[in-house]
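Taken one at a time, structure 1 and structure 2 that follow are two forms of one protein chain, written as structure tokens.
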Structure 1
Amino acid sequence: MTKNKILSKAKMPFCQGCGHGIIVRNIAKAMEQLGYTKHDTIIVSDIGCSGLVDPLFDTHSIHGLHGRAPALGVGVSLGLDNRDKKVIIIQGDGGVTIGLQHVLEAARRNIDVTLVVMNNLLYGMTGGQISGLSTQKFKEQKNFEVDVPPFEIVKLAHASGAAYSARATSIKTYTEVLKEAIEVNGFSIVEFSSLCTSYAFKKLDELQEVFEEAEVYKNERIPVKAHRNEKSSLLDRLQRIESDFDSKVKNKIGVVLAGSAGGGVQSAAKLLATTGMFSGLHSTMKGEYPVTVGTGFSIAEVILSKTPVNYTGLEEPDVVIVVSEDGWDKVKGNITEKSIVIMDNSLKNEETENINDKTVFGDFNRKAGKRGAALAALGYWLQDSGTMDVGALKKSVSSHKYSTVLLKAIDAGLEI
């Protein structure tokens, strides 16, 4: 590999004596010694004093938001085709605090990036406030939030699955620790202590007194990459439906199916819609159910029409099929005098019997089971009204995964 200068000629923007410049120089040195060039190095920077680093690296760079650099860097790393490129993320202790989730997520996935944490124990740009990584000893000196322990980011990253997590405390070790971290194939994090001469300490030995000791942890893991698999068209996988049957639908009709979750209402409605298509009609279908999909009501609205359907609302349904109490509670308000109502026998009571004079009761639940009741009632209605050929319904079912079971439910309805 060709020797290349990673460090630019730009002047360090940091306060006199600030530790950030030392860390920057060591990152550049480590990359240079490992043979990386300007075109295969990508610096991802955060907000705060550590976010001023872009011009210091004569490489690719991307400067994002406070705390988000690890997530942004993960995106960059996963998006790169050339996996020999190296993504170095730089952020401060404030950035780690606000975006902790991103660090843990990158570690959990063991994404191939190196995260350099420049911990100066505080927020330097806003007046020296303490962060989630301010050490206990530092907070005691400041006499601020001493009862709240800091995050141990090196241990947290390790516990989350990082391939390499370390804290470096001696300047002499910086380059070597960084080289080790950068060479790791996977997520590596190195936390450095950095002197903030404006708000913390003027001397390095004072800083060393409050900073935690050096440590290194490793996980033997393969990094997670973004896999690329070309897949077939979703539209090519759809069933092609040609009109084979006639229907008695004059203009359009709206059908509501109402039951309980898990009762096959949505599936029966879809079969009704495709039955319409086999019968030369245009159809629409929409379902409604509570967010807890496995319990409570399940309603489906189907419109069958000679012409394409624009508006899919169904204020006054022509046909209402109800097979459970949950369904009844939900649709009873929409039934008009003109609605044909097909209901399960179990719902027979004073209220349901007097809803209008077009209500028919059948033993759908008992004959077809809870899961087949809606489909059985549908079959019953088609046969009774002659709206569409039952053959079209059976054709709809024929390509279904559970066609045998569904056909049984339809036949149960036809026998009623």
Structure 2
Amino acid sequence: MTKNKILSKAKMPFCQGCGHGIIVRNIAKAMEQLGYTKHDTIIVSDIGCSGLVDPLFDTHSIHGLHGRAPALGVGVSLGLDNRDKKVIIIQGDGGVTIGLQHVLEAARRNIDVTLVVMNNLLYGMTGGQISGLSTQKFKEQKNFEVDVPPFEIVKLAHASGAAYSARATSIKTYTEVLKEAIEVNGFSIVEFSSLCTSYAFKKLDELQEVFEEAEVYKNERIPVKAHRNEKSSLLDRLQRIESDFDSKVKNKIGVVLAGSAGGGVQSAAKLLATTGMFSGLHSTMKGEYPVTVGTGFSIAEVILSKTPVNYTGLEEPDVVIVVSEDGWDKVKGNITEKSIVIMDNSLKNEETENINDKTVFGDFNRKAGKRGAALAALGYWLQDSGTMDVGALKKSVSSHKYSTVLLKAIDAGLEI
């Protein structure tokens, strides 16, 4: 028995009696018996009940959009171009129906991936609706779309050029069928009958009555390989940022800027990240705002570090700059006793005055306007803390098309 387990210790998330758990265990068993390790395995999952598999595999994993998992798997396989690694794509019958063209395209090109289809005959997460892979016998029992034939995904994949296509309805054959499919050099697909005790059947023999075992179909083909062309990196065209300034950052510092949409929060965060680079630091920046873009909150997170930043998550920020009610409502739950909080005077009330003993208020909106408040508060913090030279911030705006306006906003913060 291999010590390098494919499965994690996470509890199966499926309904009691669901067949998906059996398929998951057989995928892991097949991979282990073939000698693959968790580091050699890439799981690409879809949305739906089958998409709950992500935490179950102690491997590399990607969670895709509904029906799009095969497209992601194709990209990973072509990018790896390594027979010692294996891409396993997991979809339900609903995902295959929605993204059928992706399946057929992967089969047509004969990309080296294995697609596992967990067919429980319906859309299990949304109430048990019929899917395109619901069998004719099942639809007759449900008295639904009996005149509309289902897709025969195994035959469709074979006709499209798949190197290996099979259906498995007996649990006893699952591991061996999977091993045969995984060993294929090219596109392989295995459709498994999976029991849905919530909306379909309670017993396996009832499920097996509506499925027909399919013969194994094979196409002797060479899989498509990615054609690689050596080109110069796009990064080579970027102008190198020289570190002309020093900083007082000893290890790493995380800054959150919070305001309203259209308030310059994202621009201020980008300028802060650039300021960090001018100061010899590694920096990352990511923003969050609603789909409406023009209304609601606008949040940005910046990490400044002496060493490369491998994880951009920021759960407990060191510094929080807030210039509007929208921003405050979004970030107040992440402020800790250790956070330095800089807020606009318009937000001063009993709640905000009692956040912690490191909270400072200033007239940032009144001095710099809505669009300049975040940058003004940023300038205030840099000058007050000495974390980085304000000159580095001013240099970061020097080449901006609105540099004059931005410099006025920074100066407004320095005067507070």
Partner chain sequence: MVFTDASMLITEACVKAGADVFIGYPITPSNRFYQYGTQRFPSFLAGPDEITVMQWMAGFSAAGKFPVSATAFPGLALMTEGLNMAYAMELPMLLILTQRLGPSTGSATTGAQGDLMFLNGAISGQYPIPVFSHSDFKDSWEMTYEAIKTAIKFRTPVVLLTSKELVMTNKSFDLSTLKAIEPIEKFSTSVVEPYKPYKTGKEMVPPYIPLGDDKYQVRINASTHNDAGLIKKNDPESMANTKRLKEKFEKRIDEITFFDFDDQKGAQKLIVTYGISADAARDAVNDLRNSGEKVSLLIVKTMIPVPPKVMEIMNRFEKVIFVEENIGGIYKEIIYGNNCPKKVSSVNKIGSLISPSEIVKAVKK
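Structure 1's sequence is the ruler for residue numbers, which start at 1. Rigid core (definition): largest C-alpha set, two forms, superposition within 1.5 Å. Keep in mind it's a predicted model, so treat the numbers as computed, not measured.
The form predicted together with its partner chain is structure 1, not structure 2. Treated as two rigid parts, the chain shows its smaller part rotated by 115° relative to the larger one between the two structures, based on C-alpha superpositions.
We note a C-alpha movement of 6.5 Å at residue 231 between the two structures, with the rigid core held in register.
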